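Have a look below at one chain only, the form predicted alone, in structure tokens format.
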């Protein structure tokens, strides 16, 4: 029997409460709602981090991000943080005869030092297990604003070479920036990061000149990536394949295709979520048209929790209304609270799973071991890193899942969940990101929450459960082992 195909559709900054099938209202998500009705909707699925680069690194490698000191939010010209000899989901599946592709957002670095945007880029996704790669290097708010096709910038005019610089003052005085020319902006920035080089009327992070012919059109980005994803599926339907389809929505700047502008009353953020939903529907319909729906496992999830204002003034706060992007969860993107890393996840696999809901505890590090098991591929246990075989969870026969998992907020500040307990060690820092309106989870006292009774993490019961605090702190320290996160200070358990 032919092994199953796999598609991971990974949204960017989509919250636990952003979809109708998770209790939202006001933003139409009919395709994801249908996917959930026909598949398995998870209520306790976790990205490994509350920020994008760390969670994406973990998704592909099966390793907790804090084990790699470079797994933090990267600049647009950062070197690749996955080692060329590091086992990944695509390299593992390729051993089993799979064709592999990444389409969309990358943000795990490129090159080994300063990236040569005008020549062959190495290393790149092709060096860590992907046969096909069509990506944006980092995020849509960072330069360079170009697509990278394999090892080369797509459509680059060699007579207009690209130069990229991060940090300091503008090194290209001939190129306007949002700081110097705010009158040229179509979208105003709300912080002092997103006002560097202006691309398509939007200030970005970083300075860039050249590459005019290669510059992307933000409004058609979804169409470009969707076409590439469909083409890969069509070209590989006679053999098993793995597609990592990494959406850029609803990350800032939120610039929907004109077909979706005004689709919701929630402003651009609502519109790009509606656009995201449409993309998912297009992939599902394409699988059906190619006769691949009976043997393809599609996973939809998000890299971290939601944020409304993340650098641009786009009315997300004022038009949010009663909509709660994190649903009942506390916090959001960047946060150690569950709103930072507990994310929607839907598994769609007709004829392989019974539709329904699963409360199984699942971590995104588990795709490596789970897909390997489903593909009947045996690899050394130590090469699974932190990944566990949760194939029965993905197919719905195991509704319990993991015993424990670790997540992190910004700055590699780790949190452990065991069964229904969530333990947040003491961490220094502000209690809230004031400009983003998000609670960080920082507190000089330990925090303990019973998620079965208090999903909103409003009642810290650490003082009344000292033995549980000591046990969970010891568990977290044992998981850290000899690779503790940078800046992590274990608590003095003798005080409990």
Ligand code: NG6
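Since we're looking at a predicted model, the values are computed, not measured. Numbering follows the first chain given and starts at 1.
Note that the form predicted together with this ligand isn't included here; everything after this is about it.
Trainee: What stretch, of 386-394, 141-149, 111-119, 214-222, brings heavy atoms to within 4.5 Å of this ligand in the predicted complex?
Mentor: Only one stretch passes the 4.5 Å heavy-atom test: 141-149.
Trainee: Is residue 334 close enough to touch this ligand in the predicted complex, meaning at least one heavy atom pair within 4.5 Å?
Mentor: It does: once this ligand is placed as it appears in the predicted complex, residue 334 has a heavy atom within 4.5 Å of it.
Trainee: May I ask you to state whether residue 52 is within 4.5 Å of this ligand in the predicted complex, using heavy atom distances?
Mentor: Residue 52 belongs to the contact set for this ligand.
Trainee: My question is simply whether residue 205 lines the interface with this ligand in the predicted complex - judged by any non-hydrogen atom within 4.5 Å.
Mentor: Output for residue 205 is yes: heavy atoms within 4.5 Å of this ligand.
Trainee: Using a 4.5 angstroms cut-off on non-hydrogen atoms, would residue 77 count as touching this ligand in the predicted complex?
Mentor: Contact with this ligand, no.
Trainee: Within 4.5 Å, heavy atoms only, which of 338, 277, 408, 303 is in contact with this ligand in the predicted complex?
Mentor: The option sitting close enough to the partner is 303.
Trainee: Which pick from 375, 177, 193, 257 sits with a heavy atom within 4.5 Å of this ligand in the predicted complex?
Mentor: So the residue touching this ligand in the predicted complex, by this definition, is 193.
Trainee: Quick one: name the residues from 96-127 with any non-hydrogen atom within 4.5 angstroms of this ligand in the predicted complex.
Mentor: Heavy-atom contacts to this ligand in the predicted complex: 105, 107.
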